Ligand SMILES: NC(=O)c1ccc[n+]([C@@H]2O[C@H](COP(=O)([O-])OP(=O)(O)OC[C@H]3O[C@@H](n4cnc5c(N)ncnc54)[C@H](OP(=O)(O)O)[C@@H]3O)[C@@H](O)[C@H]2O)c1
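A single chain, nothing else alongside it, follows as structure tokens in the form predicted alone.
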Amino acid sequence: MRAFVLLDFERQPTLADIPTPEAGPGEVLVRMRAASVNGIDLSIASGRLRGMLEYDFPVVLGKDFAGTVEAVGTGATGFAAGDRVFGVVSDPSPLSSRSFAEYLAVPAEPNLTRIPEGVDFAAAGVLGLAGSAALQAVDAVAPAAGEAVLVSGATGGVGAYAVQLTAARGASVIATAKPGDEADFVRDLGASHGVDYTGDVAGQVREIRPGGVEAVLHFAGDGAALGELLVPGGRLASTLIMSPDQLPVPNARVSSVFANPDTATLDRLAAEVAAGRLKTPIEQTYALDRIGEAFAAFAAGTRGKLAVSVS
């Protein structure tokens, strides 16, 4: 099968022909249709996780996936050949088989579920990891109707989902975005205000909410500086490293979010997409042999998600 692989630490990832995996015990074999690029993919490809995780070369890159069940291994339950599924590959050590390939063998639980009617492969393929991080961050701050929530990193994949999920709860979203296309992008997702992250973010937020915001979703930028914009007792959720002692605001609550794309979370996200309440903003789609270009585009900064089409 064709796969986008890291052959060793000395070479750039490349498209290669490798053996097709089989569904082992407790696994399903997925005929891949779609995937997306996430920051973890670039970290693995660059070797930055060397020493933290073992690499079993060639390492197939890719974490998100969507496709059709091709075969079911012994002991795997809940799925049958032909099922449309999506999910996220876990990060066991050693790293080896992942989703930028024509086939993927993956455990039947806990990070796999069916794609509901009304959701296509492309949408499901960009939903798993970023959507889970966004949903769990929003759950952590539990925004209420009428509250103000600052979303820092709003134009990225996680941020784009978080803006929508927060606005859907009736909160007023202040989203970081440069004037022009980026500001239009976040407003289309439901943001009430855009603040230019290349300027004085704190000053701009204070103009909108002089008393501060009730919550901050921290996906980019200086979390401690953003935390100073909280009202006393405010909440901050961060996908980066944050601790309560970094915030000078009295009684502020800090939640560290590490995306857990379990079945329940994936089902919640897919249901929102199927109902038309959650958009999957895809800026561009790349074929397997162009994933190197997608990595460069991701590193340069994009609006929303970069998709991968496998078939």
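When you see a residue number, it is the position in the sequence shown, counting from 1. Please read these numbers as outputs of a predicted model, since none were measured by experiment.
This protein has a second form, the form predicted together with the ligand, left out of what is shown; the following refers to that one.
Participant: Classify Val163 as contacting or not contacting the ligand in the predicted bound form by the rule of any non-hydrogen atom within 4.5 angstroms, answering yes or no.
Facilitator: Val163: no, not in contact with the ligand in the predicted bound form.
Participant: Does Thr239 reach the ligand in the predicted bound form, with heavy atoms at most 4.5 Å apart?
Facilitator: Heavy-atom contact with the ligand at 4.5 Å: present for Thr239.
Participant: Tell me, yes or no, whether Phe295 is in contact with the ligand in the predicted bound form, where a contact means a heavy atom of each within 4.5 Å.
Facilitator: No, Phe295 is distant from the partner.
Participant: If we define contact as a non-hydrogen atom of the residue within 4.5 angstroms of the partner, is Gly156 a contact of the ligand in the predicted bound form?
Facilitator: Output for Gly156 is yes: heavy atoms within 4.5 Å of the ligand.
Participant: Would you mind picking out the stretch of 116 to 124, 229 to 237, 166 to 174, 215 to 223 that comes within 4.5 angstroms of the ligand in the predicted bound form, counting non-hydrogen atoms?
Facilitator: Of the options, only 215 to 223 has residues within 4.5 Å of the partner.
Participant: Just one of Leu61, Ala270, Ala259, Val254 has a heavy atom within 4.5 Å of the ligand in the predicted bound form. Which one?
Facilitator: In short, Ala259.
Participant: Can you pick the one in Val205, Ala133, Ala76, Val89 that has a heavy atom within 4.5 Å of the ligand in the predicted bound form?
Facilitator: The residue from Val205, Ala133, Ala76, Val89 that makes the contact is Ala133.
Participant: Note that the ligand is not shown here; using its position in the predicted bound form, name the residues of 284 to 302 with a heavy atom within 4.5 Å of it, in sequence order.
Facilitator: Contacting residues: Phe298, Gly301, Thr302.
Participant: Considering a change of 3 Å or more, are the Cα atoms of Met242 and Gly221 closer or farther in the predicted bound form than here?
Facilitator: Farther: Met242 and Gly221 separate by 3 Å or more in the predicted bound form.
Participant: Might you say whether the CA atoms of Thr176 and Met242 end up closer or farther apart in the predicted bound form than in this form? Their distance differs by 3 Å or more.
Facilitator: It is farther: in the predicted bound form, the C-alpha atoms of Thr176 and Met242 lie at least 3 Å more apart than they do here.
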